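Presented as structure tokens, the chain that follows is alone, the form predicted on its own.
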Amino acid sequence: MLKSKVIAIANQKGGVGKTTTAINLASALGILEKKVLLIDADPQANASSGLGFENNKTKNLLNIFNEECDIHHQIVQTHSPNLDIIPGTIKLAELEINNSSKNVYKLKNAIDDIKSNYDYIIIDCSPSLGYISINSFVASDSILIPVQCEYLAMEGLNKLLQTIKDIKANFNNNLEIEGLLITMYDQRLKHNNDIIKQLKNYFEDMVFKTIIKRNISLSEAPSFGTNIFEYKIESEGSNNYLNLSREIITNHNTMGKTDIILGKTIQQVLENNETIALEKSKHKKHLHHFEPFDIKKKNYNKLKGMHKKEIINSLGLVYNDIYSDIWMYRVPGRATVFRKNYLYLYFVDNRVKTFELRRFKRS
């Protein structure tokens, strides 16, 4: 019988899909009949609210740090099959600021009391590498690192890997990297494919085969207090996280059964003192590929393929009809005979198909 496994989900850079992964990976493992506990160790407590648990004052992770309490009393059953949760609370932030304890084994000692009750324990870590995150790493068997498919994907990764190296050397010799998970992938964007290629060139088989694609349903589900499977089971996001959970189960089942190691090992990555970064030298002449849309820079080609929600975030709705397939915006700058001062966007299936710049004389 396999030992239970504790997986921390961490990345110092925020907005990479860390909590989305924690919620939906834990839920997917439960759907596949694994007994799972999700621990919300992020003071923002988004994993808790994303599963319908907000401001639980009697049962939460803070109690484990502040009191000599029984961890069993902090566990709450969720509506998702085979999934329990220890909710987070915003007061964890106070613990980070005011904590004077040096006990990095606090969470590990608590988890050891219940570890045998679960197949997997998933910890959603804070983006900061503070006291609670260190406790989470010490308590874990491995760390899963979500990496957003953007040009600054490696931001913070060097520091995270150095922290893992230090934890492994001083507190948890068994700590491993579960893998790097590429998130928010859009196959239409050239730089997304470039980033995947470079990540795989550097980390090789430490990158999960499963890639989490951009999916609106994934961002909508938490607002309903549920996971992607109960919100929209037929979505691509649902398939992605089920595939990820199967990959993790397969890796767990084959662990220790083979001496063959493909690609780089964790030791090779952690012992490499080089700064990990995307190969910027190849792209110095083409950095505009990675820049976001900016109307002042007039890089209008960036608008192609953008969803109406993204356009509203960038330009606002102004006087446009959200249901119309033609939107118009005034281009900033002084109008002249030669300057085209209005931007027209033409949508197909709620995404920008093409655009046109027009000039209108003032009346």
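Please read these numbers as outputs of a predicted model, since none were measured by experiment. Residue numbers run from 1 along the displayed sequence.
We do not show the form predicted together with a small molecule, though everything after this point is about it.
Taking the partner from the other structure, the small molecule in the predicted bound form has a heavy atom within 4.5 Å of a heavy atom of Lys213. Looking at Ser219, you'd find a heavy atom of it within 4.5 angstroms of the small molecule in the predicted bound form. Taking non-hydrogen atoms only, Leu25 never approaches the small molecule to within 4.5 angstroms in the predicted bound form. In the predicted bound form, no heavy atom of Ile195 sits within 4.5 Å of the small molecule.
In terms of contact with the small molecule in the predicted bound form, the residue from Met206, Leu242, Met184, Leu144 that brings a heavy atom within 4.5 Å is Met184.
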